[in-house]
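For reference, the chain that follows is the form predicted on its own, supplied as structure tokens.
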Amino acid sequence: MAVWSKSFWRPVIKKGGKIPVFNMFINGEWVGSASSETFDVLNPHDQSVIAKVQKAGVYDARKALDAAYKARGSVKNLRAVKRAEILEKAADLLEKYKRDFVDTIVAESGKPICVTEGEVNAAKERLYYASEECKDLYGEEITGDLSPHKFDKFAMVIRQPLGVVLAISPFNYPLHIAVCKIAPAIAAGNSVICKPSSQDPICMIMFARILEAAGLPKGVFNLITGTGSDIGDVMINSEKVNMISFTGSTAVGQHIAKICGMKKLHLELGGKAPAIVLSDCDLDLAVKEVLKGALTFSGQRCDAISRVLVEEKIADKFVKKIMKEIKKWKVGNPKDRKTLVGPLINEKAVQKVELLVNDALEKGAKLLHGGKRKGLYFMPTVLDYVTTKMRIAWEETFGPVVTIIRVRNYEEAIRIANESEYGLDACIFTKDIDKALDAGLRLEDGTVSINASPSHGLGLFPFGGDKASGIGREGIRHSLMEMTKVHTIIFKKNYEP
């Protein structure tokens, strides 16, 4: 791609060859893998090879661990105002090279350009917020007056960085989700190792260049590329890592939790967000929000609306409006600004959606729209009369499917929603404030949205999963708290009051 020929990106790419080969960033240096092995990054739109990326092995992983561990003291001692300056400069550089990031993410992930621009903007804004968070690490003072045994003491409670944060990010928001882990980690004074998805790692390699140019000290940020099977367990098991922040599948998250040892964990895992549509709702609003929640980025989001629990008395009207509105969701080349639905990330993803849709049809669901694939594109699909006996009612779809389950009433909707093993996001559409609040309290999900589809965005509102959807919370201020530890210093008074 022409964007990579700019002088700013020169250190990132190895010289020679028609297909660019991207390096890793370890201990402040741009390096290849010790084995010299690479892997291809494909464009999901036409499945062409757009670049090659280093395939790290155990030696490379340990090198990154050593670098981050050694640098943890330098970043801890870096004044907060300096960390803030670096993060702010990184945000400015991201804005400067925004077009390069947009073009790269569109090419490597297949994400429509209209969605990608929002992702890059959000990553930039998250850096600005993190620069302010550097100045917001306050502790507290506690007196011993309330205890007859501690009256002659007082404590100073401060927050300290954890040390080394391992950030493992997914393919669906390859820049933004990673930045939402990295920025608060650095703001809190931690060093970081980032392992991006192998499906679309290039934007994060570019982001490492941004942090380098912003003046981050050597070893504070390290970017390693490769497969989880090759290097994941080595880093997860390492005693040099103090916290793991992972966004991805529940199966991988459970594996991490089993083998990580005594480390702090943040796991944002799978989701099966229900949208409860009640008979008293603003139907036009519900239809638009449901389609946005189900189809944005082809449904490849953990917060995607994955099942629609609609009251029977309005189900026919709801479906009729869905069928009219879904025609506006244009499928096509992600470079086209009119495209709203692009390809899925790879063949495995398409096959999974096909499997779930076909299982539903075999068990009696009615196909109203879509249901077919072309290459890695899966057409926006509407399934009606889905029942709880079908796999698609329970399994994470990660595809552009509107799954409609007709329910008798509000109580049945709440029951079915809560029977899922997942608990990340949920939403309800109603004009009844009592039912809205009741659902907000009773739905067993980390976040419940009222009259809106779920959206994590910048993290202004904290988010995270319950049940099989994860551990911990992310968000502005909340991520910073997760990535620090409470440190208490107790003083004994040497005088009588």
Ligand code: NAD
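We number the residues from 1 along the sequence you see. This is a predicted model, so every value here is computed, not measured.
As for the form predicted together with nicotinamide-adenine-dinucleotide (NAD), it is not shown, yet the points below apply to it.
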Every residue of Phe171, Gly232 and His255 near nicotinamide-adenine-dinucleotide (NAD) in the predicted complex, heavy atom within 4.5 Å: yes
Partner-proximal stretch of 172 to 180, 324 to 332, 127 to 135, 387 to 395 relative to nicotinamide-adenine-dinucleotide (NAD) in the predicted complex, 4.5 angstroms, heavy atom: 172 to 180
One residue of Phe246, Phe318, Phe378, Phe101 in contact with nicotinamide-adenine-dinucleotide (NAD), assessed in the predicted complex (non-hydrogen atom, 4.5 angstroms): Phe246
The single option of Ile236, Val357, Ile105, Leu344 touching nicotinamide-adenine-dinucleotide (NAD) in the predicted complex, heavy atom within 4.5 Å: Ile236
Contact flag, Gly271 vs nicotinamide-adenine-dinucleotide (NAD) in the predicted complex, heavy atom cut 4.5 Å: yes
Residue contact check: Gly228 to nicotinamide-adenine-dinucleotide (NAD) in the predicted complex, 4.5 Å heavy atom: yes
nicotinamide-adenine-dinucleotide (NAD) contact at Cys302 in the predicted complex, heavy atom, 4.5 Å: yes
Exercise: Leu424 in contact with nicotinamide-adenine-dinucleotide (NAD) in the predicted complex, heavy atom 4.5 Å: yes
